[in-house]
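Here's a solo chain for you in C-alpha cells, the form predicted alone.
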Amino acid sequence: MLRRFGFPGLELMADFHIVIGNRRYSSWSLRGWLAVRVSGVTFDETVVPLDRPETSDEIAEQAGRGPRLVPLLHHDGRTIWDSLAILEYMAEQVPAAGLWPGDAGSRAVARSVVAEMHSGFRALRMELPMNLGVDRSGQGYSDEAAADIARIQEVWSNCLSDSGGDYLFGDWSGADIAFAPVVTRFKTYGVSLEPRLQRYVEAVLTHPAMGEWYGGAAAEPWVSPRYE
C-alpha cells in the first residue's frame, strides 16, 4: 500500500518515504510515522503487513544495510531505521516542527524520558501489546507490568507538573510521540488513571495525526491471529 501525505506550501529539497507495519499492531511504526507526519513534510508511505511468510523479504528490499524491521525512512539517498533515529532525523531536518522543546533543560528531560521509553518497559510491551481493534478492559497483568505502568504514570505526572500545556512539555513533542503507543495500550486495556493523566491520554488520542492513524488502522484489511 502506497500513499502520499504532505502540507501545501512546505517545500524541501527531497521527498520522504516511510515504510511501516500495519497500523493495528505496529507500535514502533506509529512512533516513526508520527515523527514524519507532524513535521509537515511531503512523504510517501508503504505499509508492509506483519506476520506473513513474505514480510521479512519485503522489508529487506527496503532496508538496505539496516535490519529487517519497521519503521524505515528513506530520504535524500539515505535509509534511517529505528523510531528514535527517525525522530532525531526529522528534528534536524525540520527544526520548525518543534519535535524537541526549545529550552535546553526541558529538551534534556524530554530526551531522557524518550530514551527510557525506548529501552525499557519490557513487561508492558509483552503483556499489553498494541492492538487498536479490540477492547481488553479488565484483563489482568503481572506485577512487573504493573510496575511499568506505575513508572509511566510517574513520568507523565512529573512532566505535566511543569508542562503548562496539554502535552508532556507544553506543545506536542517527541516525548508525546514516544508515549503515543502506550496511550493506545492504556485505552485498549482500560488502565485506570487519575484525572490529570486521563486528560493527557485524551489529548494524545484526539491529536489529528492520531485520528488519522486510527482511521487508517480501521481501513486496513489485515488481521493477524498471532496478535489477536
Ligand SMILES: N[C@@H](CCC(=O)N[C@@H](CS)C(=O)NCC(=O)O)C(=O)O
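Just count from 1 along the sequence shown to find any residue number. Source: prediction; values computed, not measured.
The same protein also exists as the form predicted together with this ligand; that form is not shown, yet it is the one meant from here on.
Note on contacts: among Val47, Val191, Ile59, Ala180, the single residue with a heavy atom within 4.5 Å of this ligand in the model of the complex is Ile59. His118 is the sole member of His118, Arg136, Arg151, Arg107 with a non-hydrogen atom within 4.5 Å of this ligand in the model of the complex. At a distance of at most 4.5 angstroms from this ligand in the model of the complex, none of the three residues Ser39, Tyr89 and Val94 contributes a non-hydrogen atom. Taking the partner from the other structure, this ligand in the model of the complex has no heavy atom within 4.5 Å of any heavy atom of Ala203. Leu197 falls outside the set of residues with a heavy atom inside 4.5 Å of this ligand in the model of the complex. Looking at Phe43, you'd find every heavy atom of it more than 4.5 angstroms from this ligand in the model of the complex. When contacts are judged by a 4.5 Å heavy atom cut-off, Trp28 counts as touching this ligand in the model of the complex. Proximity to this ligand in the model of the complex, taken as heavy atoms within 4.5 Å, picks out 80 to 88 from the listed stretches 94 to 102, 107 to 115, 154 to 162, 80 to 88.
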